[in-house]
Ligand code: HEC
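Below sits a lone chain in structure tokens, taken as the form predicted alone.
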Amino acid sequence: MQKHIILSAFLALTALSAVADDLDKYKEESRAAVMPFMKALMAANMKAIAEGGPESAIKVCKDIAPAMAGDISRQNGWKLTRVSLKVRNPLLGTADAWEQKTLMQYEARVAKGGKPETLETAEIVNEPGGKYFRYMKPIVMQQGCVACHGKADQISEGVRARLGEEYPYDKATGYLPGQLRGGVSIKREIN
């Protein structure tokens, strides 16, 4: 009986170690996808603004970012997306339950003085559809982002008009630089 207990404990520890190793591996793979995605998106936005002003950046967020996320998702067999609690495009940016919980935890940590750029979440969760690795890295508002996501007096008439055309249900305004805008999320099925 005692040998059975010891063997069971050993097997449980071995399984926990394997899960921890998988978690670290998945986390590193996620970082390796998310960080270049975020940098490329920021570079595309800066280029669009330099070439055509803030109205040009709307196309980056509306068309280029989802295409980039879709390419990464297809290449890896994961779902990579940008989500927020205040969405611009409800079809693409609405956070699921795990993402909402994670974003609210980030907001609470930032409210207590945490730096949003240092936050990151990675965990393995059981959901109704199966077992998944979930990862999120916050999107932090940069100074240039207020041209489209800032307070009403920071958004030009042209940008406001274009946002109204492209995003009739827009709630993604009122932000200040340094605030948490949302997150880049990865959902990866685990077999």
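Since this is a predicted model, take the numbers as computed values, not measurements. Heads up: residue numbers just count along the shown sequence, starting at 1.
One more form of this protein, predicted in complex with the ligand, exists but is not displayed; see below.
Engineer: Residues V87, L92 and G144 are flagged as a possible site; in the model of the complex, is every one of them within 4.5 Å of the ligand by some non-hydrogen atom?
Structural biologist: All of them do, each having a heavy atom within 4.5 Å of the partner.
Engineer: So the ligand isn't shown here. In the model of the complex, which residue out of A40, A122, M68, I49 has a non-hydrogen atom within 4.5 Å of it?
Structural biologist: Only one option qualifies, and that one is I49.
Engineer: So, V34 and the ligand: in the model of the complex, are they within 4.5 Å at any heavy atom pair?
Structural biologist: Heavy-atom contact with the ligand at 4.5 Å: absent for V34.
Engineer: For K62, is any heavy atom within 4.5 Å of the ligand in the model of the complex, or not?
Structural biologist: K62: yes, in contact with the ligand in the model of the complex.
Engineer: Do M136 and the ligand share at least one heavy atom pair within 4.5 Å in the model of the complex?
Structural biologist: Residue-level check for M136: no, no contact with the ligand.
Engineer: Check whether N45 has any heavy atom within 4.5 Å of a heavy atom of the ligand in the model of the complex, and answer yes or no.
Structural biologist: Looking in the model of the complex, residue contacts with the ligand include N45, since a heavy atom lies within 4.5 Å.
Engineer: Heavy atoms within 4.5 Å of the ligand in the model of the complex is the criterion; list the residues of 145-159 that meet it.
Structural biologist: The stretch touches the partner through C145, C148, H149.
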